[in-house]
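Single chain ahead, by itself, as C-alpha cells, in the form predicted on its own.
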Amino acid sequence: MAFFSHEGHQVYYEVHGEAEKTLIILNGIMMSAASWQPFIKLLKEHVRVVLVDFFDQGKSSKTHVPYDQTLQVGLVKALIDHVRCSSGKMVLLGISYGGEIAMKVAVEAPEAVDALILANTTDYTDPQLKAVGDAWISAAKTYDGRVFFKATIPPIYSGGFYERQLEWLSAREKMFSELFKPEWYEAFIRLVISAENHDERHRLSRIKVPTLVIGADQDQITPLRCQKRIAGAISNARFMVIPECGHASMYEKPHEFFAMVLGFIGTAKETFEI
C-alpha cells in the first residue's frame, strides 16, 4: 500500500503476492482498490496483483478540474513503469471504465502489455450509454445517497442477483447515504464526463496481444453487442459470456469470472496442435 506522484497528483496503489506474472487491475467507475479485497487471497496464489485508484477514485488525488481519459492512461503507463519487475510485461485487466483505459494503454504502449482482459466494457460511448451517464450525473448532483443509489445501482445488477442479495444491497444504500460526501460526488461526475468522448473503434485493430473479452448476458450498462464489437475488431481475441449475470460480473459470478481470468492468464501464450 503506497503512493507515487504523477502529473502533480498522488496515485494510490497496492501490490500483493510475489508470483512471476503481474496482473494490473483497473477499476470500474464507482470502484476503488478496496473493491477487489475479497479476491486478493485467491489471485495472489497465481499472480502478482497490482491494484490502483484512478484519479478521482479512492485514495488517489482529486483533480478538481475537468479532464479526458488521457489523464488516466498516463497514470496507468506511469504505474507500469513504477511496478515493473524482472519478469517484464504485464497483464492488464480492466472492467467497465477500467476496460476503456486498458484498451487505450494496449494501443499506445504495446511494448508494456503482455496480454489484455476486457470485462463488461465498450469500445465507445454510444448515445444510450451517454444518456445513462447523464442520468447518473443528475443523481450525483443531488448529493443524496439514496437518490444516487436508486438511480445508478439497480441497472448494474441482474434481476436474480438483486433479488438474492437484497439485504446486502440495502446495506449499501444505507452506506451511500452515510459515507458519500460532496467531494465524492463531484469526483464521480468528473469521471463520468471524462468517458463521454471515449471512442476506440478506429484503433482496436492495432491491439495485437492476446486478449480476452468477457461479457454478461444481462448487462444493461454495456450490453453484449459492445463486447462482440470489441472481440470482432481485435485479431487475437477470445470472447466469453457469463450467463444470468449483470454488469458487475466479478461480484455476481466470481467463480466464473476468475476462472476465465486465471485460465486465460495461464494459456494466453500457449499454442495447441490437435
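The first residue of the shown sequence is 1; numbering continues from there. In this text the structure is predicted, and so the values were computed from the model without any measurement.
Just so it is clear, the following notes concern the form predicted together with a further copy of the same chain, a form of the same protein that is not shown.
- A heavy atom within 4.5 Å of a further copy of the same chain in the predicted complex is found for one listed residue only; from Ala233, Met30, Val209, Val241, this is Val241.
- Residue Ser138 is the only one of Ser177, Asn197, Ser170, Ser138 with a heavy atom lying within 4.5 Å of a further copy of the same chain in the predicted complex.
- By the 4.5 Å heavy atom rule, the three marked residues Tyr97, Pro182 and Ala187 all fail to count as contacting a further copy of the same chain in the predicted complex.
- Though the partner is left out of this view, Lys41 does reach within 4.5 Å of a further copy of the same chain in the predicted complex, counting heavy atoms only.
- Among residues of the shown chain, Ser5 is not one whose heavy atoms approach a further copy of the same chain to within 4.5 Å in the predicted complex.
- Although the partner is absent here, Ser158 lies within 4.5 Å of a further copy of the same chain in the predicted complex, judged by heavy atoms.
- Using a 4.5 Å cutoff between non-hydrogen atoms, Phe264 counts as a contact of a further copy of the same chain in the predicted complex.
- Contact with a further copy of the same chain, judged by heavy atoms within 4.5 Å in the predicted complex, is confined among 71-79, 188-196, 124-132, 110-118 to 124-132.
- Residues of 146-176 lying near a further copy of the same chain in the predicted complex, listed in sequence order, are Val147, Lys150, Ala151, Pro154, Pro155, Tyr157, Ser158, Gly159, Tyr162, Glu163, Leu166, Trp168, the criterion being any heavy atom within 4.5 Å.
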